[in-house]
Ligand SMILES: NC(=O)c1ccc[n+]([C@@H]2O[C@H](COP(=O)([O-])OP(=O)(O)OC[C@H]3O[C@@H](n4cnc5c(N)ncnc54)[C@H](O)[C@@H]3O)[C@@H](O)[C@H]2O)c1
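Let's start with one chain on its own, the form predicted alone, as structure tokens.
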Amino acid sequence: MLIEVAAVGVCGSDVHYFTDGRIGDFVVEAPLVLGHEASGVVRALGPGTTGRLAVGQRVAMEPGVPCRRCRACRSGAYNLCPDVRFFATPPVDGAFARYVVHDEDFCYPLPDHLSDDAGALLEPLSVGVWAARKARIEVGSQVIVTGAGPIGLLAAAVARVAGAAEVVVSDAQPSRLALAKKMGATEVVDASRGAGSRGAGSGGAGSGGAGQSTAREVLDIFAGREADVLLECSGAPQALEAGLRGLRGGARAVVVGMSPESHVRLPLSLVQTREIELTGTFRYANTYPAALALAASGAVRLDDIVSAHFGLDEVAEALQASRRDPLVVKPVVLPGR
């Protein structure tokens, strides 16, 4: 189908490709259109479409279209398809454009009360849904979320909806912790200030100033906790180790945030002696219906994390907005503006 793009969220992966030219083993080797969190309006139906969607209908686009033939696809784990075509992943162009062509099966109709921005942000919400499923969060779970970027905020929101009794969110940018509380965190921890900074109602305020903590203090910010689940959403190796230290024996740790680096150090003895289940996530599979239901019901308020809008000729500015201003959490590009 031909889709007129309405809104595209700026993801951390877009920023890494723009500034570093790579994320792990994914390397930009030729000109690449970025942007993969997208919503739009159906403008034309191509051959082979079924009529499930109509011209003029607003849709959210799941950005990855798998082959549907390989072993991963046939088992339902299509996020692991080796031949998936995913917006803005080299060499596939993305959605920072006026129009894109996308597979009907991976477009989802949006209800009238959901904004174009929310439709685009079903993509990062799907990441949070997938992380919660991998972590097997259940009623009463105690959850640590490291990183209060868009993915961490939405992972915290999904954890609460899934029944977690406690959701502790940490970040080295104190300005983001108030939003974490709004998105469902029961407690926040200012990682820039070390272990003395936790507090349920303080927005992470604690003794000492940012930059004064030692590496050991940062690693011990969750000391004494015995959480059931860690969702590492920052992509920072130090955050992963700090989160692992806050888990009980037999807990589960899910690495969600992607680092530009291919290799990181891991406290293997901690993982072994506590028998921690450690796994990664790569995108998601079969999550868009659940994400759409959460957004449509109001259980997760996606518009709350949108902090700035840009036109298509301002994409470079949008890609640098969060790094220039920590208060900018989720920039959104409106190609038609």
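A quick note: this is a predicted structure, and the numbers were derived from the prediction, not measured. Quick note: we count residues from 1 along the sequence shown, nothing fancier.
This protein has a second form, the form predicted in complex with the ligand, left out of what is shown; the following refers to that one.
**Q** Which among 96 to 104, 147 to 155, 245 to 253, 263 to 271 is in contact with the ligand in the predicted complex, heavy atoms within 4.5 angstroms?
**A** Heavy atoms within 4.5 Å of the ligand in the predicted complex occur in 147 to 155.
**Q** My question is simply whether A159 lines the interface with the ligand in the predicted complex - judged by any non-hydrogen atom within 4.5 Å.
**A** Residue-level check for A159: no, no contact with the ligand.
**Q** Taking the ligand as it sits in the predicted complex, is R58 in contact with it (heavy atom to heavy atom, 4.5 Å or less)?
**A** Taking the distances in the predicted complex, the answer for R58 is no, it never comes within 4.5 Å of the ligand.
**Q** Though only this chain appears here, would T186 touch the ligand in the predicted complex if you measure heavy atom gaps against 4.5 Å?
**A** No, T186 is distant from the partner.
**Q** Any of the heavy atoms of R193 lying within 4.5 Å of the ligand in the predicted complex?
**A** No, R193 stays farther than 4.5 Å from the ligand in the predicted complex.
**Q** Name the residue from A172, A227, V84, L114 that puts a heavy atom within 4.5 Å of the ligand in the predicted complex.
**A** Checked against the cut-off, the match is A172.
**Q** At 4.5 angstroms, heavy atoms only, are I137, Q142 and L231 all close to the ligand in the predicted complex?
**A** No, none of I137, Q142 and L231 comes within 4.5 Å of the ligand in the predicted complex.
**Q** Does any residue in 271 to 290 get within 4.5 Å of the ligand in the predicted complex, counting heavy atoms only, and if so which ones?
**A** Heavy-atom contacts within 4.5 Å come from T281, F282, R283.
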